[in-house]
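Given next, in structure tokens, is a single chain: the form predicted alone.
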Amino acid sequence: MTTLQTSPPSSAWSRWRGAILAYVLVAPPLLLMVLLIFIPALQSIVRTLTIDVEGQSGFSFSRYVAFFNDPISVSNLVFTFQIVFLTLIIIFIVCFPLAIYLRFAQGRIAAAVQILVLFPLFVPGIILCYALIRFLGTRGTLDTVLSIFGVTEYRTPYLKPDAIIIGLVWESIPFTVLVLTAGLRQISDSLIESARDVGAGDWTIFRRIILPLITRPVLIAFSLNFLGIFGSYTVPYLLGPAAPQMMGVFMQQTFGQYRRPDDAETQAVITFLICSLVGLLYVRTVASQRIQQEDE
């Protein structure tokens, strides 16, 4: 006596259904990105490359030529790069030891350090700026404390590039430490213990094991910090000098105070293109990490 067996659902249909569901779920945020980011950016690029001559539109790089021929615009762009790279260097000098400590340390002291590291996340940027003004400014808290100990030659960094760097480093510490700590936690304790068993010291473990395995988290932290710092506005506006200016402040003043929207749009496109190059580095890093995880 034979029994009839029902065949299982087609695996091909299951794959198609999963693919359709995935596309349906990703469509709303993707459409939102296209409408709010890519289309406006493309329109701005087209407008900056188009000029009207006697009622007719034509292709021209004149706006970009004018930007790079303007000493003030070039000095502001160079100043922005200087602030960004100095800030990034200090961020990693401060955050790398903190991340390594939080990865391998345990106990109440480590928990207290983690709370202090995450504290800037809960402080709004404008509150941070005014707190730094009161702390670092002339006759502020730091000046008063130093004068008690006989230090009378204090020079405030307020309204100088140093104040911008201090504020941006403060804002970037929590995110950077979180990214680096997450990357360090992917390094198994057994791998480090095995290295110690064969006689490797702390420096050797750091150089041969930790650094190679944390390259991707470092690139991710570098990329996202670069994007945030390059386009920052609140901290440079409230703490920085009147000249030179970072690009965020420069764009706002060009648009709002000088009433030159075309020049401000050109500055915005240049900033967007520079940040896009760093964004590609981030996308490539994340994509390569995902491909490697899928291969494993």
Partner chain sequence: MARLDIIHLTKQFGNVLAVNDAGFTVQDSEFMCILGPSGCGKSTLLRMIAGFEAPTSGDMQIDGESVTALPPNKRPTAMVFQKYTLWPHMTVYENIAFGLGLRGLSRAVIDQKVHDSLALVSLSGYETRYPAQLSGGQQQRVALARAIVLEPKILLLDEPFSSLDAILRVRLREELKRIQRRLKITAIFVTHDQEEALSLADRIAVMSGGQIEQIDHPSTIYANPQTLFVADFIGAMNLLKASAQDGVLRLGGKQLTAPNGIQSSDKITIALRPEDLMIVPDGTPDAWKAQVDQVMDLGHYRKILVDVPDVGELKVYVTKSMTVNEGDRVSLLPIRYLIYQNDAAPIEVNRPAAALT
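Residue numbers count along the first chain shown, from 1. As the structure is a computational prediction, the values presented were derived from the model and not from experiment.
Although it is not shown, the form predicted in complex with the partner chain is what the next lines describe.
The three residues I83, I89 and I93 each lack any heavy atom within 4.5 Å of the partner chain in the model of the complex.
Remark: G201 counts among the residues lining the partner chain in the model of the complex, judged by a heavy atom distance of 4.5 Å or less.
Not displayed here, the partner chain is kept clear of A182 by more than 4.5 Å at the level of heavy atoms in the model of the complex.
Of the heavy atoms in P212, some are within 4.5 Å of the partner chain in the model of the complex. The partner chain in the model of the complex is approached by L191, whose closest heavy atom lies within 4.5 angstroms of it. Of the residues given (V218, I100, A111, A195), A195 alone sits with a heavy atom within 4.5 Å of the partner chain in the model of the complex.
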